[in-house]
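A lone chain, given as structure tokens: the form predicted on its own.
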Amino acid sequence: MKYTIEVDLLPEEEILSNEELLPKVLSQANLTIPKTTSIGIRRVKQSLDARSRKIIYHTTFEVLTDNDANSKEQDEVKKLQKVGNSSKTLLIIGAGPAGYFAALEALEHGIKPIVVDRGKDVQARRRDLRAIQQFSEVNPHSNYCFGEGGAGTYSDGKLYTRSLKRGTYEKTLRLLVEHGANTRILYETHPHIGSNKLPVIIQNIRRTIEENGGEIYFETFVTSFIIKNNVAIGVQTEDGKELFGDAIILATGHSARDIYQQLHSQKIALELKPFAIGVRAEHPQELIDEAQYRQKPRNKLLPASSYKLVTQVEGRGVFSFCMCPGGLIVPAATNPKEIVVNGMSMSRRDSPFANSGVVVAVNVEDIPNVEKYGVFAGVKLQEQIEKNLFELGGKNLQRSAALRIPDFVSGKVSTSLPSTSYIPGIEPLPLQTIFPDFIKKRLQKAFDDFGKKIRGYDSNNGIVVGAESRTSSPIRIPRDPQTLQHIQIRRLYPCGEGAGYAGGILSAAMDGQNCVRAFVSTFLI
């Protein structure tokens, strides 16, 4: 029999093993258990509460007795089936979380996944990331957005989704653990893997797919879709090859603008959707720790502190996004003549900097030039801001404009800048000028408000670096809510962030799984 008990742990207790915590948990459980019964506990949920000076972890334990104490569910990998050339085939475009978890789900149903990705494998991709960081050289097919593992591999690995609209997330987390992630992600409220750990996990997932009969092709760029009688049957690649499957899962990520153009040229329906644009704010981690924990220095047993900020300015939300405690700002451009930034943290989150996107919600009615650009008006807005930022520096580099927050708010140019985690470098330039007024003015007012919520947030110790423009896709590839197929093309499954149906690693992975289940229920049952 299983019992559930909530226990508050101090930081020095949180690091103890379950075995060491067993007496404390049982003393609070108030259970009548026969002395001959074997007992164990496991953590099922944990959140850090720093609202008062006594910082605690609210922790939920399961108390397991008899066989439950040593039992565990069957490993998810063991549920996968070996597949061969005679199996049904899913053609999966994109090797990010949506694509790879779709491939694992396909194997569970005895379907052969063929994964195609424009970028390089996770190890070869490192060289291109070094090139953009150190030499401002941007490979359009291999960068922080494109390549094995997708945008999340080298940009943090946060698993914050807890929405149940796509189903339960436990299976996805267990798969990550079985491929090398720390078991803490199974119970932490805000689990995080880290950009130094994710590459190995991604490699392990690839090995699982291939060992069970799946195929994976890197540096293979899709240039057109093969459609017959409104049914998706295959793709053509840049080198002239044709690949076929019983269905196509399209999981190309939020920055695959050329894929949107190809779909549009083949008269496959797209639609505008809301998104967000802004800057990346960076502060000394000590400043955030002192404000959040009210400690200086921070207790070494506590993690680098984070924050979540939101306000309303003139009818639009302005909010923090992808907060990276103990993190780095990285260049996320996908073309040479643009500047885009993102954030990441290593698993230990031990950088002296904290950074977060601070972005303005852009509704469809806010997007300019819809009459001129149609469904691509949101993409054009992103592109213009990224191009403006690149041209502002005028040096053909990935160095970015930056300002101290008070100067950004007042419309000034900073006379100096503090040190930064952004390796390509920053320089004081009028960052405000790259944005249209409806974004700029809301950002400026929001920083005033955020300074009231976190002491020192809007001080000269904080800087903003631009531009945080790839929070999500400004385009949705419409699909039927029941079958998850494209509303126009059968057996084409728009999936994940690039299709407009996810907002992070966990939600994208779950969407990939759901698309496979939809294919099975529609065509194979």
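Numbering starts at 1 and follows the sequence shown. Predicted model only: the values in this text are computed from it and were never measured.
There is another form of this protein, the form predicted together with a small molecule, and it is not shown here; the text below is about that form.
- You can rule out all but one of 494 to 502, 453 to 461, 474 to 482, 43 to 51: in the predicted bound form, only 494 to 502 has residues with a heavy atom within 4.5 Å of the small molecule.
- With a 4.5 Å cutoff on heavy atoms, Q285 does not count as touching the small molecule in the predicted bound form; it lies far away.
- A residue is said to contact a partner when one of its heavy atoms sits within 4.5 Å of a partner heavy atom; V360 fails this definition for the small molecule in the predicted bound form, lying far away.
- The closest heavy atom approach of N342 to the small molecule in the predicted bound form falls within 4.5 Å.
- Put simply, A103 is far from the small molecule in the predicted bound form: not one heavy atom of it is within 4.5 Å.
- The three marked residues, R316, I434 and A467, fail to reach the small molecule in the predicted bound form, with no heavy atom of any inside 4.5 Å.
- Scanning I233, I209, L381, I259 against the small molecule in the predicted bound form with a 4.5 Å heavy atom cut-off leaves one residue, I259.
- Proximity to the small molecule in the predicted bound form, defined as a heavy atom within 4.5 Å, holds among F376, F447, F221, Y422 only for F221.
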